[in-house]
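Taking the form predicted on its own, here's one chain by itself in structure tokens.
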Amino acid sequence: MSSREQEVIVVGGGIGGLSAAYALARVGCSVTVLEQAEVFAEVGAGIQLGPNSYKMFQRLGIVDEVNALSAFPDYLAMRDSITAEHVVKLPAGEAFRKLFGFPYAVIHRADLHTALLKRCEAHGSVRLVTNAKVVEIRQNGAGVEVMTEGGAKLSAAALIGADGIWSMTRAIVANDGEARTAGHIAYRAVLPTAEIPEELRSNTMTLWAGEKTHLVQYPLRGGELFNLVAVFHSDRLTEGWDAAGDPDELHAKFADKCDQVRTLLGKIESWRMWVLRDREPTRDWVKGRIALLGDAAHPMLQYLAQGANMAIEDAVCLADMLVNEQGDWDRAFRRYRDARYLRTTRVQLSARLYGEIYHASGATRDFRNAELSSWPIEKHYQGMAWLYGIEPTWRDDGCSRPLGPAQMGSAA
């Protein structure tokens, strides 16, 4: 493959974009990442990393960095936020790791982003460009041309759209309008663990399920920080990923919840909020030499905690397919889409269903609690197998080897 055919532009410098940039650089591509912000950075709070992500970290060679920045819950728990009863409490330690091959971890979004950014910065084949808002993308016989708001023009053999739920790249590929509003709002906050009453501190990923509400809590940075995410149904549809929250609205929605939940919420003085959105699943991820990745391809509600996980899987799969197709971007993009869209469709639809389960009311809530609490631990683990299974969902030559430059050399 010629040096020109190895050039690719990634639009978007978030977790998905940097994962794609690093994965592609490791198989021999020359990658330019265009980020519209002034710096490469992530807003937000904690994210959860399933064993499926760890399989990808192993492929990328960054397990040690991720481990050093993560916390590892002893349990994954669901509690009723009104009665405080335990509905489910699953061990996430040795037995979990033995079954799925990798741990369940929680990490600050910014920490994971920084780890990926450092790897990209250190790789000689990744160029990182800020203040580069893309305003136009054209395709021609040789590949793609990109124009930025500042007047820069760039060209490459292919382009990856990793520019999130408001993706302008998606408008070119799928042209399916704005994302769907779920009618839910999420408030997030991170605070020092020392500010949490000792009886409420726990090395557990706990979801407090309530009627049209839920609260998630877990430690970050080895227990140094405490992450809280409160979600509730709301008619307030103010746009924004990092807008200021309204504490009065938040506390009103959780007024009937148990003492533990209200105490946790009362410890936060400043909240950030975002409106939850997703899209109908589609297989329209590819148009010529342009492919979508992460939230640009399959935005999902957060109820399975898999948004970042799926984007990282996308990145590794895309690099695999380019190697397997010997650098042919057209074939690689099509195979990448076909390998991924059914799995991400299942996650998108399952996330909606889990939201209904978490927010159940009345008799449905009673049934949820009775049914889930009656299951043996093994049955809960079995229900996770489709998502956390350690083998890549695309099986092909080379898909269990670490990604490295030699692979692209053998395919050229």
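Numbers follow the displayed sequence, beginning with 1. Treat the numbers as computed from the prediction; the structure is a model and nothing was measured.
Heads up, the form predicted together with a small molecule isn't pictured, but that's what we're talking about next.
* **Which of 66 to 74, 347 to 355, 44 to 52, 364 to 372 sits within 4.5 Å of the small molecule in the predicted bound form, heavy atom basis** => The contacting stretch is 44 to 52.
* Within 4.5 Å of the small molecule in the predicted bound form: all of 16, 134 and 308, by heavy atom? -> Result yes, every residue of the spot touches the small molecule.
* Exactly one of 327, 103, 219, 164 has a non-hydrogen atom within 4.5 Å of the small molecule in the predicted bound form; which residue is it? -> In short, 164.
* **Among the candidates 234, 302, 260, 206, the residue which, in the predicted bound form, approaches the small molecule to within 4.5 Å (heavy atoms)** => Exactly one residue meets the criterion: 302.
* Using 4.5 Å between non-hydrogen atoms, is residue 11 touching the small molecule in the predicted bound form? -> Looking in the predicted bound form, residue contacts with the small molecule include residue 11, since a heavy atom lies within 4.5 Å.
* Asked: Applying a 4.5 Å heavy atom distance criterion, does residue 154 contact the small molecule in the predicted bound form?
  -> Contact with the small molecule, no.
* **Touches the small molecule in the predicted bound form: residue 293 (any heavy atom, 4.5 Å)** => Residue 293: yes, in contact with the small molecule in the predicted bound form.
* Asked: According to a 4.5 angstroms non-hydrogen atom cut-off, is residue 174 in contact with the small molecule in the predicted bound form?
  -> No - in the predicted bound form, heavy atoms of residue 174 and the small molecule never come within 4.5 Å of each other.
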